[in-house]
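First comes one chain, alone, set out as structure tokens in the form predicted on its own.
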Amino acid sequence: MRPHRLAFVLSLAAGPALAGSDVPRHQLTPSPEGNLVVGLCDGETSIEVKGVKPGDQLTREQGQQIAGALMQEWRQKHPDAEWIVAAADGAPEAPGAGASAESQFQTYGAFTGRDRRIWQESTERLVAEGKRIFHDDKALGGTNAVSCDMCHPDASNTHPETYPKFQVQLGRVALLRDMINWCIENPVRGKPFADDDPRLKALEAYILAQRKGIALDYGKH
């Protein structure tokens, strides 16, 4: 059974995947009165929050009311779909009777095979770029001709599935990108990448792709 995950979008939620391609995007209809409009990740379900303008600070109780209203509308549209909720220990609760995985997936939108191919190609292109940078000391901004693959051939012994975890090199709990930057700054002798640097995202994508299928086990050393 495919689990559902809830996300809000306040504006255009997807960037271009391929230049000139007709890619579905989540575009919310703005409020004629300029009120806040909040939408779900299905790109269809949204509500207008009367008397609240975009940027207004709301309380947690108000946020819960918005989320509750959105979920109620979504469930009314999809009475047979199942929403899998994580139990207290992080494991998904046992699913009951509900729609098939495919029909549940389709509740997020009528995605075509072409859409999925575009998204897959975009992801593979990002992974390929990460692989290129991983093997290129100049792309890493290094100053001593050392590249990531020299210590981690094919991203071996990187274990992205174990992050976040405490790293003695940093003296704190670190994310995968923190350790990538530590390596760039130390063995590679370059300058660490900003969090929004496309090179850092590509490196993360490549390392994760190399460990595809490995169970998440955060905090493990």
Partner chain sequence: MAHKSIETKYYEERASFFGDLTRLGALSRRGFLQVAGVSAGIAAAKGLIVPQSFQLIEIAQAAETATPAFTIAYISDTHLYTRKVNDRFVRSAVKAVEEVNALDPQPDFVLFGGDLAQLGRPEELDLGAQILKDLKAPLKMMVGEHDWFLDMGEHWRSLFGPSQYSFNYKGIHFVTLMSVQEKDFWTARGMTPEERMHTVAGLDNGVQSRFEVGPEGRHWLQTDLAAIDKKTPIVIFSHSPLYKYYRNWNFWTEDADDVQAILAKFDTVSVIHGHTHQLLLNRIGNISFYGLLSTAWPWPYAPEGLPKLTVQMNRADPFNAFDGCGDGQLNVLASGMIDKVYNLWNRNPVTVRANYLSSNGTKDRPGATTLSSY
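Numbering follows the first chain given and starts at 1. The structure presented is a predicted model; accordingly, all values stated were derived computationally and were not measured.
The form predicted together with the partner chain is left out here; the points below concern that form.
Novice: Which is the contacting stretch out of 26-34, 163-171, 60-68, 39-47, given heavy atoms within 4.5 Å of the partner chain in the predicted complex?
Specialist: Heavy-atom contact with the partner occurs in 163-171.
Novice: Has each of R125, R132 and K191 got a heavy atom lying within 4.5 angstroms of the partner chain in the predicted complex?
Specialist: No.
Novice: N144 near the partner chain in the predicted complex, any heavy atom under 4.5 Å?
Specialist: Yes, N144 sits close enough to the partner chain in the predicted complex that at least one of its heavy atoms falls within 4.5 Å.
Novice: Could you confirm whether I184 comes within 4.5 Å of the partner chain in the predicted complex, counting heavy atoms only?
Specialist: The answer is no: I184 has no heavy atom within 4.5 Å of the partner chain.
Novice: Quick one: does D154 come within 4.5 Å of the partner chain in the predicted complex, counting heavy atoms only?
Specialist: It does: once the partner chain is placed as it appears in the predicted complex, D154 has a heavy atom within 4.5 Å of it.
Novice: I'd like to check something about R177: if you look in the predicted complex, is any of its heavy atoms closer than or equal to 4.5 Å to a heavy atom of the partner chain?
Specialist: Although the partner chain is absent here, R177 would stay clear of it in the predicted complex, with no heavy atoms inside 4.5 Å.
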